[in-house]
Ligand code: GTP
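Take a look at this single chain, the form predicted on its own, given in structure tokens.
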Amino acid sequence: MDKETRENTLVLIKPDALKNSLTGYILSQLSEFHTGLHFAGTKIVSVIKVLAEEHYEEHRGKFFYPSLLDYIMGMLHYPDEPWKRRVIAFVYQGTNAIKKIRDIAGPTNPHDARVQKPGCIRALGTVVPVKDENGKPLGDRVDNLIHASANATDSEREIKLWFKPTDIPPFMRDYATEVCEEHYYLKGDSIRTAYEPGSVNFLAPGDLVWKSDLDSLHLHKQGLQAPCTINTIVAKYLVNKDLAG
């Protein structure tokens, strides 16, 4: 299958699925036997706040946004066991990958899923009331076990957010890459090309990166408007790093 006929989609097995030991069930539902799709990348991610914020950027400012961040970071399902807070991320690849995965996942809201598509993955999820600090109900948050990209545009953005190019085998990479030629450091909300006390290195010469990330970094370095934020770029490169080290 060539790049012109295959699709990529991001799938996340969320903390509620892990808490309820549904990983095996979900993977069997999404298997090549059922979907005709194959893995292009997989990783276990300790979700840092910047990654959570960028993944749910479209919901920023909504009443459930803070709760949503805590949810994907595993803080709600593992409040006293931080070592268990993780998400399993996959890139699935193949013909009609986006639609196939979303059909198996089912409607976003678990209540709708149970009515409209009994037996789908999200039919096993829950709807949780969200309250303010005084206990007043604000609405609901859906704990729906699994994330699946909605369309090709979202898929590319999300895969580039969660995965580095080297997380995906060369012949399975469908987005342009480029070799970094200088050091990049993050300090606060800005980038540096030379080390300063308190800065964190996230790219070095020789690193393979998404070309779109490098193009945006060059614009940020010049103080120009870029297609994506600095946080969108650095999120994946800081994943699973010991930032306190």
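One rule holds for the numbers: they count along the sequence shown, beginning at 1. Predicted, not measured: the structure shown is a model, and the values here were computed from it.
Keep in mind that the form predicted in complex with the named molecule is not shown, yet the notes after this line are about it.
S.K.: Please determine whether each residue of Phe39, Glu156 and Leu161 possesses a non-hydrogen atom within 4.5 angstroms of the named molecule in the model of the complex.
M.R.: Judged in the model of the complex, none of Phe39, Glu156 and Leu161 sits within 4.5 Å of the named molecule.
S.K.: Quick one: is Glu196 in contact with the named molecule in the model of the complex, heavy atoms, 4.5 Å cut-off?
M.R.: Close contact is absent here: in the model of the complex, Glu196 is far from the named molecule, nothing within 4.5 Å, heavy atoms only.
S.K.: Mark Asp140 yes when one of its heavy atoms lies within 4.5 Å of a heavy atom of the named molecule in the model of the complex, and no otherwise.
M.R.: Answer yes; at least one heavy atom of Asp140 falls within 4.5 Å of the named molecule in the model of the complex.
S.K.: Since only the chain is shown here, I'm wondering whether Glu182 would be in contact with the named molecule in the model of the complex (any heavy atom pair within 4.5 Å).
M.R.: Judged by the heavy-atom cut-off of 4.5 Å, Glu182 is well away from the named molecule in the model of the complex.
S.K.: Given that the named molecule is not shown alongside this chain, does Arg102 nevertheless sit within 4.5 Å of it in the model of the complex, heavy atom to heavy atom?
M.R.: So Arg102 counts as contacting the named molecule.
S.K.: Going by heavy atoms within 4.5 Å, which of 59-67, 183-191, 28-36, 208-216 lines up against the named molecule in the model of the complex?
M.R.: Looking at the partner contacts, the answer comes out as 59-67.
S.K.: Have a look at Arg86, Arg173, His147, His77 for me and say which one sits with a heavy atom within 4.5 Å of the named molecule in the model of the complex.
M.R.: In short, His147.
S.K.: Would you give me the residues of 69-100 that have any heavy atom within 4.5 Å of the named molecule in the model of the complex, in order from first to last?
M.R.: Contacts from 69-100: just Tyr71.
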